[in-house]
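In structure tokens, the next block holds one chain alone, the form predicted alone.
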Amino acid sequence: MDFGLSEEQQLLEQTLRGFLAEHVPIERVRELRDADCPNDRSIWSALAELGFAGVLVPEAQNGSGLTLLDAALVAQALGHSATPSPFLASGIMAPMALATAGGTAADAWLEGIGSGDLVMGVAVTELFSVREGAGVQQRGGQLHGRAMMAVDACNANLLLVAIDSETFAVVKTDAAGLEITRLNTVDATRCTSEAVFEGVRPEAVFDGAGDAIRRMLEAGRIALAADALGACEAMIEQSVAYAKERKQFGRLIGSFQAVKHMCSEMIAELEPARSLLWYSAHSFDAMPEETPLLACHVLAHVSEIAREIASVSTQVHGGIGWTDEQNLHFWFKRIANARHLLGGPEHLRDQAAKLQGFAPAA
């Protein structure tokens, strides 16, 4: 039995990585780092033309209707190139929530997402981590409160905001009473924001949407793990290439036993994580009853090994690895941000323990 990727999935991955290498080189990433919002619409439109924006949008809404494993391969490629894009929110989380919840409005928005004309941010942090009393409430048909660490909200057309574990709302980002401010985080390649609601009227409210919210979080966590894994691949590749060209004491540093061990240990840590990622993403469509546990495990595990790989890779580069002139820090910071964006390893392991009955449910 073949547990590898299909020919179609390999072609998808090769096509996207080739496109990103040509159109979003690291020089372009550097330019976007200094922009008000790194999510460049021209890049997103080009990805949409290739079908990647609508990878999870159902075919009935003119999307690709592919599986989460296909979407994870897209996320992995984007992480590998450190590409700034709204894929996590607009390509993964929002389509999953809308497709699961259903309805006329959801179908119309899904069509816009698939075409790339509509970009949707997501604000769900308060479902698993409340900071500084943040949270959004619905009173008298209006939204009040504050959402922290909203993903891809800047330059978006709509924002999906979780009110609680059973309800989410969709609002226009230019709605009266809504103020979105980009946050200054360690990772300049990913857009995160604070959204303040003062009497904002939503476009739609989805009650009894617990399953949609759960599936959205699971898909987001698996995709975020794929993004971090792609970043790890890039850092290892750069480390091996550097070890083959950098000389010390008249010898290539790659000939030193210590450096060989550092590179081989990074690869040995990454490969089992790849299998876990593929299985987790496959389970989302084929064995959804296993996904709640696997989504926690894969993001927690990848977050842990990614931090180690980022550190060791930087050490292989020596002092130059810590400078801005050397590009390694783009992936280092992307990994650091991904570690806590949808729940840190400690929270995810706690959730996994509760799912297995090893800890009392909240």
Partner chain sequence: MDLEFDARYDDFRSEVREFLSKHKPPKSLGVAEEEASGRITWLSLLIEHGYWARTIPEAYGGYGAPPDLLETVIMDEEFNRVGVARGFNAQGPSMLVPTLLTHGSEEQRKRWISPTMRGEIIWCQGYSEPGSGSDLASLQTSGTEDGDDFLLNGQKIWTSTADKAQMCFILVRTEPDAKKHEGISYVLLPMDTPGIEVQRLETMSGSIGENSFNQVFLTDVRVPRANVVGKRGEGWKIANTTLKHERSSLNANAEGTLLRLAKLMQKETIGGVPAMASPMYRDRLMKLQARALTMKHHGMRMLTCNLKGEPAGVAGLIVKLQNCQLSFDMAALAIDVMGELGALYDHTKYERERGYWQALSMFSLGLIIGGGTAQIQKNIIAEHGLGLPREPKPAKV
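Residue numbers count along the first chain shown, from 1. What you are looking at is a predicted structure, and each value in this text was computed from that prediction instead of being measured.
Keep in mind that the form predicted in complex with its partner chain is not shown, yet the notes after this line are about it.
Q: Would you mind picking out the stretch of 113 to 121, 261 to 269, 93 to 101, 163 to 171 that comes within 4.5 angstroms of its partner chain in the predicted complex, counting non-hydrogen atoms?
A: Looking at the other structure, the answer is 261 to 269.
Q: Given its partner chain in the predicted complex, answer whether the residues Met149, Lys244 and Asp350 all have a heavy atom inside 4.5 Å of it.
A: Looking in the predicted complex, the three residues Met149, Lys244 and Asp350 all sit within 4.5 Å of its partner chain (heavy atoms).
Q: With heavy atoms only and a cut-off of 4.5 Å, decide whether Gln137 touches its partner chain in the predicted complex.
A: Taking the distances in the predicted complex, the answer for Gln137 is no, it never comes within 4.5 Å of its partner chain.
Q: Please run the contact check for Ala60 against its partner chain in the predicted complex: heavy atoms, 4.5 angstroms, yes or no?
A: The answer is no: Ala60 has no heavy atom within 4.5 Å of its partner chain.
**Q.** Touches its partner chain in the predicted complex: Gly254 (any heavy atom, 4.5 Å)
**A.** Contact with its partner chain, yes.
Q) So in the predicted complex, does Glu194 come within 4.5 Å of its partner chain, heavy atom to heavy atom? A) Residue-level check for Glu194: yes, a contact with its partner chain.
Q | Contacting member of Ala273, Ala212, Ile180, Ala175, with respect to its partner chain in the predicted complex [4.5 Å, heavy atom] | A | The residue from Ala273, Ala212, Ile180, Ala175 that makes the contact is Ala273.
Q | Residues of stretch 318 to 334 in contact with its partner chain in the predicted complex (4.5 Å, non-hydrogen atom) | A | Gly318, Gly319, Ile320, Trp322, Thr323, Asp324, Glu325, His329, Phe332, Lys333 sit within 4.5 Å of the partner.
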